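A single chain comes next, written as structure tokens; it is the form predicted on its own.
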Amino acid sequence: MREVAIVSFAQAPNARRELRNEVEILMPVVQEAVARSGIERPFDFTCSGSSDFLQGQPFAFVMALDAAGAWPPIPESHVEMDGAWALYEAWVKIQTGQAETALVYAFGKSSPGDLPEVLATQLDPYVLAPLWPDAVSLAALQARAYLEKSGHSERDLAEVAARSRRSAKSNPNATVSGDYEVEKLLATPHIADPLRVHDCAPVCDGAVAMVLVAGDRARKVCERPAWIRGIDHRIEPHSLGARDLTVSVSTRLAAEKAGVGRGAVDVAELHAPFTHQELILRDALGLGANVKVNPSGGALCANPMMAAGLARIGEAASRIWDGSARRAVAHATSGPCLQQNLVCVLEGA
């Protein structure tokens, strides 16, 4: 397997309602990631992740090329997924020898619409979608099933939220941060039992970009490259009734394939848009109590749709660069109730 490293990462401030359009949000982020990489354009490969459902028009990703720069002509691809899957495609491209450098970016602007209802369009079109269940209600069904099976309580969920928001105080791009008391969080009303506002990720607009480089070239441009030592993604049945929502089999399988258990994990950035999902993912990944989870605050504090998963990989890489972690795990999810999951293992040496 060829050595591939992440050498730069940039993201936009995650705003609840961004007045700029997608290109305007994305352009400074791409420019920052490119400048930090030490790699001159053009890149051997460019890949993006976004969703036309959020943009409200077909082939919206073509518009975003204005931010990436499409002249002179570039080899480019797009995934209708979170940008973490765009990173996977770029990693594969480098593995095959067709590229040495790759620019990966993702963006999403959810504020103009009703995101929980928009996400109902991804459900089974025969049984679930006609009922228009919103994403928060589906997550609440998963949370209730998990609490009853696992023995965890709503207090455990509130503790996840409080810890995430404390961690986000050091993240200038977070949408939500601060010191929150668990008792006060538990005193707030449910929005979909057992979930409260603090249990759910904020709807926000944002963008992420990063640069991947192969082998010795990565060592030349980056003092401490974040090497991708393992990466895999798996998907579970489309029908929610066909799987056990209290566990994440696809995350466990992806973690095994990516090699999470082959060494000690210092930091884990988990794409958990709901508090109970962090607990499910911890179990699936086999993370011990000594692992620092979501030091950035995670998706509970900044969840730009189609970019939050790629941001988790970038945040994990940042811990490698600053020396606070030797080995980190990043996770991304897509679909309702942790339907599809990607796991990436990063190391500093």
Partner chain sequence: MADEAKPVTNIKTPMRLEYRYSAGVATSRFLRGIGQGKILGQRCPSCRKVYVPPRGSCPRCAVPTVEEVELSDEGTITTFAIVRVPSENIDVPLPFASVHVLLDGCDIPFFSVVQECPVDQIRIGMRVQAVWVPKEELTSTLQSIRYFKPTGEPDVPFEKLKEFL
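Residue numbers count along the first chain shown, from 1. From a predicted model like this one, the values you see are computed outputs, not experimental measurements.
Keep in mind that the form predicted together with its partner chain is missing from the display, and what follows is about it.
Mapping the unseen interface onto this chain, residue 321 falls outside it, with no heavy atom inside 4.5 Å of its partner chain in the predicted bound form. In the predicted bound form, no heavy atom of residue 326 sits within 4.5 Å of its partner chain. In the predicted bound form, no heavy atom of residue 183 sits within 4.5 Å of its partner chain. The closest heavy atom approach of residue 15 to its partner chain in the predicted bound form falls outside 4.5 Å. Interface residue among 54, 293, 281, 34 relative to its partner chain in the predicted bound form, by the heavy atom within 4.5 Å criterion: 54. Note on the interface: of 56-64, 308-316, 281-289, 294-302, the segment with non-hydrogen atoms within 4.5 angstroms of its partner chain in the predicted bound form is 56-64. Taking its partner chain as it sits in the predicted bound form, the stretch 12-37 comes within 4.5 angstroms of it through a non-hydrogen atom at 17, 18, 19, 20, 21, 22, 23, 24, 27, 31.
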